[in-house]
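Below, in structure tokens: the form predicted alone, a single chain.
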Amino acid sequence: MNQPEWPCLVWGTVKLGRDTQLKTPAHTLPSDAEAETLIRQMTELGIRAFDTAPAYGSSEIRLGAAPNHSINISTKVGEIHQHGQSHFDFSAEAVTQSLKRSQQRLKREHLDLVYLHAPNNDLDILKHTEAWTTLLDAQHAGIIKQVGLSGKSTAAAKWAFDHHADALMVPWNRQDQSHAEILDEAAARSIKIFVKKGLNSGQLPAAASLQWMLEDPRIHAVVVGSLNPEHMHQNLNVAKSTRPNQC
């Protein structure tokens, strides 16, 4: 199966479908019509990759309502968010059903990239549940093109290196460089690094921070979540000027 080529800027869509238990400033959840307009605006700007998750409320459903198969979409398994609370299930059955729901919601037979969405006990989940092997089985069956880990700890990231991870989503910014060793190892193994928390939940200046991250060859892409198309346009301009051949 062909592996998707990922641009260096990814639109994070948690705010598109969820407005509770977030570390970012409070926002008003867009209506369905507003969400449809936002998705269209982002694609018209030239953003070619979106990141979503079952834990992002109605985000998957809203992306699927405006399908664009020229866009890469990453999603996740392991966490759902309902009635203002997160719930976790890493059993084989739950992961399998989550993948089926994501296919249905996103209206895609094949999922470009699926991360295991792990909380603080990420290493225990990797070692002692069936979640990771279920994802690898789904990749072997052609349901998933790439498998990744969106975890918390460097120990879990190191484990994923040795267990066929194609990508890692890790926190990284000027104030948090705890995963420096992981970035080095990923580069040596040709494993893609996708940065989350690159703007430290909106506390760091976007343009300077984004340029700083994309000047680092160890980083494949940065995930940025914003409901403001103009802000994303500015981010895309920075990305294109920093990496003209990837964004």
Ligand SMILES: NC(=O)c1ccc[n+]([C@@H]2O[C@H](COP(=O)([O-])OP(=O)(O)OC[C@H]3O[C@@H](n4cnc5c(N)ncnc54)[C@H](OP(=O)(O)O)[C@@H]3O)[C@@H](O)[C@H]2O)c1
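In this text, residue numbers run from 1 along the sequence as written. As the structure is a computational prediction, the values presented were derived from the model and not from experiment.
Note that the form predicted together with this ligand isn't included here; everything after this is about it.
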>> R18 versus this ligand, in the predicted complex: is there a non-hydrogen atom within 4.5 Å?
In response: no
Q.
Under a 4.5 Å heavy atom criterion, is A206 part of the interface with this ligand in the predicted complex?
A. yes
Although this ligand is absent from this view, report whether G198 comes within 4.5 Å of it in the predicted complex, heavy atoms only. yes
*With heavy atoms only and a cut-off of 4.5 Å, decide whether S150 touches this ligand in the predicted complex.*
yes
Tell me whether V14, T24 and V223, taken together, all sit within 4.5 Å of this ligand in the predicted complex, counting heavy atoms only. yes
Of the candidate stretches 51 to 59, 182 to 190, 64 to 72, 28 to 36, the one with residues having heavy atoms within 4.5 Å of this ligand in the predicted complex is 51 to 59
Residues in 210 to 247 that come within 4.5 Å of this ligand in the predicted complex by at least one heavy atom, in order, are V223, V224, G225, S226, L227, N228, H231, Q234, N235
